[in-house]
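To begin, one chain is listed below as structure tokens, in the form predicted alone.
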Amino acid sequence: MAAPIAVHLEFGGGAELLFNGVKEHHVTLPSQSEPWDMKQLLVWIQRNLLKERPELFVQGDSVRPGILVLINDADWELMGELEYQLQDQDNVVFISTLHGG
């Protein structure tokens, strides 16, 4: 059984508007039988934090194109994207690069 883990989530570049304008969230993910990964985190975020217009944040099992994801200040593409196993005290940042005109 994987123990609960604390994760710091940040939303910026307009993505915070989907979360009632709150940019930072300190969350504790509950214990579960397998380690938490980014794919599971995205589902948890949708169910627990996302307040409106999920289509602007997620697409299928991943984030929508145009949202930059950083894990501990590194591009998540270097970390394994959806398969990255979260560690206690990880910092995950979601930055929207899409802007209206």
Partner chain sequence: MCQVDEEYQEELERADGPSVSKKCVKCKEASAAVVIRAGDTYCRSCFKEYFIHKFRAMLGKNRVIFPGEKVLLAVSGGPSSCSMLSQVQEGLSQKAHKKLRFSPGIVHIDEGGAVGQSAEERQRKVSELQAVFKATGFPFLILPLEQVLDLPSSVVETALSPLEPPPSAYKAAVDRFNQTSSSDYLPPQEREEKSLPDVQKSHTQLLQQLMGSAKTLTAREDLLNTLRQHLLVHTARTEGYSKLMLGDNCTRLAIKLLTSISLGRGAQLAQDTGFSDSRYGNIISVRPMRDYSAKEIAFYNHMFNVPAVVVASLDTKTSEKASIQRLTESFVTKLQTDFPSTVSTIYRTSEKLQTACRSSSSADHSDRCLLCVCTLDTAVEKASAFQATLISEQLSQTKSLGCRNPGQSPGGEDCGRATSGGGCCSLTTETTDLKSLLCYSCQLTIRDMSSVDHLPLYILSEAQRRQRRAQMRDEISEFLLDDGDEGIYREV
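On a predicted model such as this, the values are computed, not experimentally measured, just so you know. Positions refer to the first chain, counted from 1.
Absent from the display: the form predicted together with its partner chain. The rest refers to it.
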Inset, instruction - Decide whether V22 counts as a contact residue for its partner chain in the predicted complex under a heavy atom distance cut-off of 4.5 Å. - result: no
Inset, instruction - Evaluate Q46 for contact with its partner chain in the predicted complex, applying a 4.5 angstroms cut-off between non-hydrogen atoms, and reply yes or no. - result: no
Inset, instruction - State yes or no: in the predicted complex, is some non-hydrogen atom of R53 no more than 4.5 angstroms from a non-hydrogen atom of its partner chain? - result: yes
Legend entry - Contact of V27 with its partner chain in the predicted complex (heavy atom, 4.5 Å): no
Legend entry - Within 4.5 Å of its partner chain in the predicted complex, all of G14, E83 and V93 (non-hydrogen atom): yes
